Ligand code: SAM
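Just the one chain here, the form predicted on its own, laid out as C-alpha cells.
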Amino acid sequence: MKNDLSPNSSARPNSKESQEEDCPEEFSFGFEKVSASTKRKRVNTVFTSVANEYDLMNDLMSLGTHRLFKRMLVEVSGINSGDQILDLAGGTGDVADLIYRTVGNTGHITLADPNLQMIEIGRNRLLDAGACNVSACVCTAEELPFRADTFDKITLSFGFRNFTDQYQALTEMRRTLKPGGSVTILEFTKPKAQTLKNLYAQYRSLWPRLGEFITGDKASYTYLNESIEVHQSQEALVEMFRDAGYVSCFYTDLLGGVAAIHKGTKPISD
C-alpha cells in the first residue's frame, strides 16, 4: 500500500515508502489526517449539508468571480460541438449548463458527482434548461464506471481538493479519455505575492462565519479554508499530471493565483 507523500495525500509513492505496507494510508481532511473511508464520508457530509445553498455561497464568497472562472474553464478546455463530455464533481450543474450551450444537441454531457443531493440539484437545473442530452451518475473520481476511451474532454471545477486519492483520480480520468482528449481542472490555489496572499487569507477567514449565517454550518466552510491551505502548488499539480501519463501539461493563474486552471492531454498513442 502506498503512503502519503504530500499534504493533500495525492502524490505517487517512492519505492521505499511503497514497501512500508504495515503503515496505514492516511489522507488530509483539512488539517486532519484520516483514513480513506473517513475522508469520503466526511466530504460527503459537507456537501449534503451545504447543497441547497451551495450556489448562493459561491456567489457571496467569490463576489461572483467564480462564474467568470468557470467560463474560462470551458473556454480553455476547447470543447467543440458534438463532443462527449464528462463534467466530474459537477455538483449543481452550473459548469455543465455552460458546456451544454457549446456541445449542442449532437454532443453529450455526463454529470458525475459522489454526492446525491448535489447531483439531483444539477440534474434538475439541466432539465429546466431543456438539456436532453445529459446523463447523471453518482460515483467517485477514483473509480469511474465508464469504459476506456469514452470522452473527448473532462472538466472539473473546484472539486479536485476533495478527492481522496488525486493521483488515482487522474489515472482514471486518463483511462476514460479518448486518445488526444484532455482534462481541464479549475481549482483554488494560493497567491504567490505575499501581500495578496495575506489579504486573501484575511478575506477567507470570513467564510466560516458567512457559512454559519447562510447555511447554519460553520464547520463545512472551516474545512473549505483548510483544504485550500493544504492543497498542493500549481507546479506540483502539473508534475502529477505528467506522472499520471498526460502530455502538454500547463497551468494558468487566475486573479493573481487565487485560483488556477490546469490542463493535460492524453497521448494519441496511449
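The numbering used is simple: start at 1 and walk along the sequence shown. If you're wondering where the values come from, they're calculated on a predicted model, not measured in any experiment.
Beyond the structure shown, there is the form predicted in complex with the ligand, which is absent from this document and is the topic of what follows.
A.B. asks: Among 145 to 153, 100 to 108, 192 to 200, 114 to 122, mark the stretch whose residues have heavy atoms within 4.5 Å of the ligand in the model of the complex.
C.D. replies: Contact criterion met by 114 to 122 only.
A.B. asks: Residue-level question: is T140 within 4.5 Å of the ligand in the model of the complex, judged on heavy atoms?
C.D. replies: T140 belongs to the contact set for the ligand.
A.B. asks: Heavy atom to heavy atom, is Y54 within 4.5 Å of the ligand in the model of the complex?
C.D. replies: Looking in the model of the complex, residue contacts with the ligand include Y54, since a heavy atom lies within 4.5 Å.
A.B. asks: Can G181 be called a contact residue for the ligand in the model of the complex at 4.5 Å between heavy atoms?
C.D. replies: No, no contact at 4.5 Å.
A.B. asks: Is Y221 near the ligand? Define near as a heavy atom within 4.5 Å, in the model of the complex.
C.D. replies: Answer no; every heavy atom of Y221 is more than 4.5 Å from the ligand in the model of the complex.
A.B. asks: Using a 4.5 Å cut on heavy atoms, which of L86, V74, A89, M173 is close to the ligand in the model of the complex?
C.D. replies: It is A89.
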